[in-house]
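Quick heads-up: it's one chain on its own, the form predicted on its own, in structure tokens.
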């Protein structure tokens, strides 16, 4: 004789749902601050010349702020797209392919952003 809980124990999710839920909420809150700061930086350098923009982005505080914004937005995007793919794509092969593409796309955009900011910051 098993209880209803005993019948379903171990058959649920991979126990990562709560972590994804909280990471999604954490990045959403971080994005409010980071994207606002990013927009302030972009507006402050709008219309400036190349030298002024490079000088502004060479500031370590500005570079770290922009990198944090990119990484937070990319993490938030990847988790959000993962949830959409898992909920609405029903073919297993297509779901796996899309989840892989989502991860690779996020990594590629993140690497490009990190490279560009570091290149400007260190004057390479």
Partner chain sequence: MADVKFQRPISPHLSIYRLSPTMVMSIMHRITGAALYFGSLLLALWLLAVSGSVSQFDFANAFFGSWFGQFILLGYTWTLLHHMLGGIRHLIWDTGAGFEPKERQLLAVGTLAGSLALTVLVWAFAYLLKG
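Computed from a prediction, not measured in an experiment: that's the story for all the values here. Numbering follows the first chain given and starts at 1.
Unshown form predicted together with the partner chain; subsequent notes refer to it.
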Problem - is_contact(residue 71, the partner chain) in the model of the complex, heavy atom dist at most 4.5 Å - result: no
Problem - Contact label in the model of the complex: residue 23 to the partner chain, heavy atom within 4.5 Å - result: no
Handout entry: 4.5 Å heavy atom contact, residue 48 to the partner chain in the model of the complex
Key = yes
Practice task
Spell out, yes or no, whether the shortest heavy atom distance between residue 57 and the partner chain in the model of the complex is within 4.5 Å.
Solution key: yes
Practice task
Note which of 77, 89, 97, 65 lies within 4.5 Å of the partner chain in the model of the complex, where distance is taken over heavy atoms; exactly one does.
Solution key: 77
Exercise for the section: Heavy atoms within 4.5 Å of the partner chain in the model of the complex is the criterion; list the residues of 32-50 that meet it. Expected result: 32, 35, 36, 38, 39, 43, 44, 45, 46, 47, 48, 49, 50
